[in-house]
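To begin, one chain is listed below as structure tokens, in the form predicted on its own.
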């Protein structure tokens, strides 16, 4: 599961552009990830220039 720290996000859309399954939606001032559709490739986490996204370990 990917967590979003929206306080850091500048809504640049970089994460949206690299998502291979289009599970990230960007609104005016909100980022939403559909974790059911997410394949946990972590491309969005790796490419985010501000470190807004982080992987949450699922137990």
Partner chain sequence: MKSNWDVIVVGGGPAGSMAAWNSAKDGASVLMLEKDREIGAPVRCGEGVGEVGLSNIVKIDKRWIKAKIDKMNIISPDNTSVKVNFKEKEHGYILDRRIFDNDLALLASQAGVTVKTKSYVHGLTFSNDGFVNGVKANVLGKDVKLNSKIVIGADGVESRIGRFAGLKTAFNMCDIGSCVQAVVSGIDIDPNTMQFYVGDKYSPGGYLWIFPKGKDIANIGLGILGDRCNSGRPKDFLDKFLSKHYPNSSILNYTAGGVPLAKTLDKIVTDGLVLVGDAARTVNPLSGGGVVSGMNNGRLAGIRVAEAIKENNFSKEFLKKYSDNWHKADGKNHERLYKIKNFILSLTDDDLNHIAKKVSAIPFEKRSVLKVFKIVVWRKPSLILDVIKAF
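Residue numbers count along the first chain shown, from 1. Quantities reported herein were computed from a predicted structural model and do not represent experimental measurements.
Another form exists, predicted together with the partner chain; not displayed. Remarks below refer to it.
Novice: Honest question, do 2, 3 and 6 all end up within 4.5 Å of the partner chain in the model of the complex by heavy atom distance?
Specialist: Answer is no for this spot.
Novice: Can you work out whether residue 39 and the partner chain are in contact in the model of the complex, taking contact to mean some heavy atom pair no more than 4.5 Å apart?
Specialist: No.
Novice: Can you check whether residue 26 is within 4.5 Å of the partner chain in the model of the complex, heavy atom basis?
Specialist: Within the cut-off, so yes.
Novice: Any of the heavy atoms of residue 17 lying within 4.5 Å of the partner chain in the model of the complex?
Specialist: Yes, residue 17 lies within 4.5 Å of the partner chain in the model of the complex.
Novice: Let me know which residues along 39-55 have a heavy atom within 4.5 Å of the partner chain in the model of the complex, or say none if there are none.
Specialist: Counting only heavy atoms within 4.5 Å of the partner chain in the model of the complex, the contacting residues of 39-55 are 43, 45, 46, 47, 48, 49, 50, 51.
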